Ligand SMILES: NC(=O)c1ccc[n+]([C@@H]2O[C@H](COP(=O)([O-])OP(=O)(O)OC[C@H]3O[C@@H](n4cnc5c(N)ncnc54)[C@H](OP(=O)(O)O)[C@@H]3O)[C@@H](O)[C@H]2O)c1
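Heads up, the chain below is alone and in the form predicted on its own; it's given as C-alpha cells.
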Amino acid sequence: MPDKITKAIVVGASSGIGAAIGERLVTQGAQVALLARREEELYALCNRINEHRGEDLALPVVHDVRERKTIPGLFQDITTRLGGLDAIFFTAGVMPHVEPDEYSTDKDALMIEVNTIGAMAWFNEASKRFERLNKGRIVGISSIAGDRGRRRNPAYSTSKAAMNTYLESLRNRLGVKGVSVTTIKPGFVDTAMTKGMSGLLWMISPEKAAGKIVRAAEKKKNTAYVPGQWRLVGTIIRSIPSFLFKRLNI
C-alpha cells in the first residue's frame, strides 16, 4: 500500500483542480495549506471543507505566486504551522485568450511567470527541505499542451514544456535522495480555463482529476496522464514529424 499524504501544500487552490486536490486530501485526513490569490473564494472553500470534515484541517493562505521574494519565509511559516510536510502540489496556472494573429509579450510573460517560474520558486523551497530529510513528494500540474509546440497559444505550450523538463531534471536530482517528483499531464478538465470551449475530448470533472492526481502522487509515479488514455494520444502527437504537425490545427 502506498504511503498516505498527511501534511501538504497546494498552491493555486481556490478553485478547479487545486481546490479539488485540497478537498480530496482533507477527506483522507490530511492537514493541508491551501494557497491562492483570491481571498474570498479561498476562505469560503476552506470554511466549507472544515465544516464538512468537522475539524480545521484546511489552512487558507492568501498568496500570489508572482511575489517570489515572500516564498521562502512563507514556506517556512506554513511548514511550522502544519508541523511538517509530506507533499507539495503546484496547480496554479493562467491561460489568457490569445487571438490567432496576436503576439502579446505581456500575456506571454504572465504565463511564464505564473505557470513556470512560480512552480520553480515553490519547488526550490520544497526541494531543499525534502533533500535534507531524504523524503517527500513534489507534484507539478503540467498539461498535454506541453508535449508539442501548438499554434493556438505558443507561450502556454512553452510554459508547460518548460515545467516538464524542469520536473524531470528535479526528479533526476532528488530521486537518489528518496524524494519523488511527479509530472501530471491533464487533458481537458471542466474548470474556468476550459469554460466556453466546445468539442473538448474526454472532459472530466476536477474531482475526478484530483482523485487520479493524488493516487499518482501516493504511488510516486514519474509521469501521469489524466485521464490515462491521453498517454496514447501524447505518444502519437510526439511521434508526428514537424513538417506534418505544423499543418494540423491543434
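If you're wondering where the values come from, they're calculated on a predicted model, not measured in any experiment. Residue indices: 1-based, along the sequence shown.
The form predicted in complex with the ligand exists for this protein as well; it is not shown, and the discussion that follows is about that form.
From the list 214 to 222, 37 to 45, 22 to 30, 50 to 58, the contact stretch for the ligand in the predicted complex under a 4.5 Å heavy atom rule is 37 to 45.
Among heavy atoms of residue 64, some come within 4.5 Å of the ligand in the predicted complex. Taking the partner from the other structure, the ligand in the predicted complex has a heavy atom within 4.5 Å of a heavy atom of residue 94. None of the heavy atoms of residue 130 is located within 4.5 Å of the ligand in the predicted complex. Using a 4.5 angstroms limit between non-hydrogen atoms, residue 9 is distant from the ligand in the predicted complex. Residues 186, 187, 188, 189 are the members of 176 to 190 with a non-hydrogen atom no more than 4.5 angstroms from the ligand in the predicted complex.
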